[in-house]
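The chain below stands alone, shown as structure tokens; this is the form predicted alone.
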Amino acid sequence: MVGRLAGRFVGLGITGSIAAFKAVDLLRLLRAEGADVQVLMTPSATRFVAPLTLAALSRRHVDAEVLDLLPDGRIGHVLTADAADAVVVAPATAHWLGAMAHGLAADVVTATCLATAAPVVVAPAMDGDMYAHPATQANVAILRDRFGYAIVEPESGALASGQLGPGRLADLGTIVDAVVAAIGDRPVRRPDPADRPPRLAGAAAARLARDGDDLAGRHVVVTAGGTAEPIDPVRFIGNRSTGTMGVAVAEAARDRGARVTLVAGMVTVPLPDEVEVVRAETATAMREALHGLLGTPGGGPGFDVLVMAAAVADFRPAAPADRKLPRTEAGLRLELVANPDILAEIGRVVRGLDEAGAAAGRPFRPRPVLVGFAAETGSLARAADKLARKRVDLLVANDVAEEGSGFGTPTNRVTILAAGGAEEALPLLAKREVAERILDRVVAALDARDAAAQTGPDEPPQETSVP
């Protein structure tokens, strides 16, 4: 499907609002529609969102200093102004609205808007009383009525101040729609790439190629290791998982630009640097940790991706002793009870379903991509049923009895099943390479979800083939 902004060059201006973090997803949506994007930031905006993340996603240096020149000596914001098919400022603060209304070009966002003949779309975001103030409303009126800018009005809801009311940045899809409408059927202003700010090249491009960037701005949660279900303070029921596979996924996601939270059970391999680690060594603790990460105070998803690589015990002792049990010749009889299926629970929650599969709440928007693992012996025949029952987007199944594919090995041979019916058996690979193959599919699912959100429900796609 050709995006609505295919071939278009869009300037994305970001100002210093708490909503600046949403510009990362707005950039993704613009690119999903086919746009070529140059990011422009005020100095205060760089304190809310890292320019490196935006550079990785746009494949261009972020223009954040009005006096900076491009490597070839050209003035970046002037080049963007001349080439842009549209400039969108989102979020736009009260300060920026006032500066723009009165032509005070102290930052690259204002300077670009002053210098461009392209349509400009403005999406304000601020405290409700601030937006309602007559000064702010007068500035908005100047931009709308005298300058002809398209104003995407803020929405009502919970604000950073703790108040409820208008001021929240408009829905990102609505902002993209406004950009599409503003451009309309105008011809592309500067189709020649040489007339646009240059893409990253040389060492900067090489770094991105080496480290990857396709998960930049995403929050990926990974579980790793086994769980230890206590019999008494000394003994436990466990399994042979070492956490090698989950740690490999966490490292790969980190190196592809994601913010990673690793929920670690009983892990015997070193934990990676530069990831947040949450220790959860029982099934109950892991369940609590994941439910704690699942949502945000505003009701949105707490992460973009969950990769459930941990080997969570299916059963636990019904009544663990609070003191060490003595050894007796009569042996020990344990009553075991089933642990909750954590991933199946999360699969229901994000879809707003109850245990019977009936609608029981509000589905998460956007819905996180869920990846499960199935450790089998002898056959993978049950994998498809697990995929459906757990309501995951991808299921990674392997035969742990196969040589080189079990717990604690540096390699793995897996079959990746997708919710749409696609299935691919991978050869025996290093676990890091298996992790990369899994994340390739996760990235594709995220990008397709974001693109689909522009025209319909933002469900991850149902794959029919695995690349």
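None of the values given here were measured: they were computed from a predicted structure. One-based numbering along the sequence shown.
Only in words, not in the display: the form predicted together with a small molecule, which the text now covers.
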query: In the model of the complex, the residue from Leu172, Val87, Ala216, Met308 that sits within 4.5 Å of the small molecule by heavy atoms; finding: Met308
query: Partner-contacting position among Arg367, Arg196, Lys386, Arg259 - heavy atom within 4.5 Å of the small molecule in the model of the complex; finding: Lys386
query: The small molecule in the model of the complex: contacting segment from 184-192, 386-394, 138-146, 231-239, heavy atom within 4.5 Å; finding: 386-394
query: Contact flag, Ile342 vs the small molecule in the model of the complex, heavy atom cut 4.5 Å; finding: yes
query: Contact label in the model of the complex: Phe303 to the small molecule, heavy atom within 4.5 Å; finding: no
query: Interface membership of Asp314, the small molecule in the model of the complex, 4.5 Å heavy atom rule; finding: yes
query: Interface membership of Tyr131, the small molecule in the model of the complex, 4.5 Å heavy atom rule; finding: no
